[in-house]
Ligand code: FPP
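For reference, the chain that follows is the form predicted alone, supplied as structure tokens.
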Amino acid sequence: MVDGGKLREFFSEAPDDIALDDVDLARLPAHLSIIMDGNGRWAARRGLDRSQGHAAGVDSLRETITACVRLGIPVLSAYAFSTENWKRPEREVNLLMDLFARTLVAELPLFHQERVRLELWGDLGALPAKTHATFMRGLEETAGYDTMVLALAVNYGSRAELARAARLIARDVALGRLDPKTVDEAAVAERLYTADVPDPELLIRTSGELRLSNYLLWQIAYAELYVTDTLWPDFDRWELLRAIRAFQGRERRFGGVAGA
């Protein structure tokens, strides 16, 4: 249940162009997803190391989590590390993996306070032991929470996810658990990492890049896309409200005709 007092307090001191009253709290997306992009550019523009950009990005994620909890959005997901990100310099990858572990430990009190349940999408088996163990701890400690789901896509790629679903279907057919004639969209969806959450209604991409970067290609078939030039470390509660306002200003047709 949304705490109106905490909500108003969190969104007080609004800028001139956006305020809490500019969005309809009864029409919020059930699942909001974010491609967090721009940490490196944010750091470069300030003459900082890329690792400092990633650290600043953690602050933006924390603020976004809190904002979504205050608004009562049921599911927030974020693209944290793609299967392609392993191609980055080894030092940066190692720093990111260490940052993931340290951040999750530091943020667990917030998860407990707000009753946020953690989900992780991706091939976690490839992660360093320390990062993997920390993630497993987060999953275990938050398993019973029900205020909001926070799903982080880590070592995730949508094509790899779809290939995994195909393998699971093939296995079940080979074992006689599944009739090939019954394989439909639902059979695929049930074998995706996202099986227990609704598809995203709003996908936000920061830093102005106009691509999906192999993220949730199946799930965002009818998501509304919102691209902002704001770099991820500069993304805050007000940028979130601007995205939601844009989402609410669109007519969602799902392949139908206007007004249908």
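Heads up: residue numbers just count along the shown sequence, starting at 1. Because the structure is predicted, anything quoted here is derived from the model rather than measured.
The same protein has a further form, the form predicted in complex with the named molecule, not shown here; the description that follows concerns it.
The partner is not drawn, yet in the model of the complex one stretch among 216-224, 25-33, 49-57, 189-197 has residues with heavy atoms inside 4.5 Å of the named molecule: 49-57.
Residue contact check for Tyr156: none of its heavy atoms lie within 4.5 Å of the named molecule in the model of the complex. When the named molecule is considered in the model of the complex, Phe100 lines it closely, a heavy atom lying within 4.5 Å. At a distance threshold of 4.5 angstroms between non-hydrogen atoms, Thr230 is out of contact with the named molecule in the model of the complex. Although the partner is absent here, Asn39 is a contact residue: one of its heavy atoms lies within 4.5 angstroms of the named molecule in the model of the complex. Here is the short version: of Arg117, Arg137, Arg88, Arg164, the single residue with a heavy atom within 4.5 Å of the named molecule in the model of the complex is Arg88.
This chain is drawn without the named molecule; in the model of the complex, the residue among Leu71, Leu127, Ala80, Leu76 with a heavy atom within 4.5 Å of it is Ala80. Three-residue candidate spot Leu212, Glu239 and Ala246; no residue lies within 4.5 angstroms of the named molecule in the model of the complex by any non-hydrogen atom. In this stretch, 135-157, the one residue having a heavy atom within 4.5 Å of the named molecule in the model of the complex is Leu152; the partner itself is omitted from this view.
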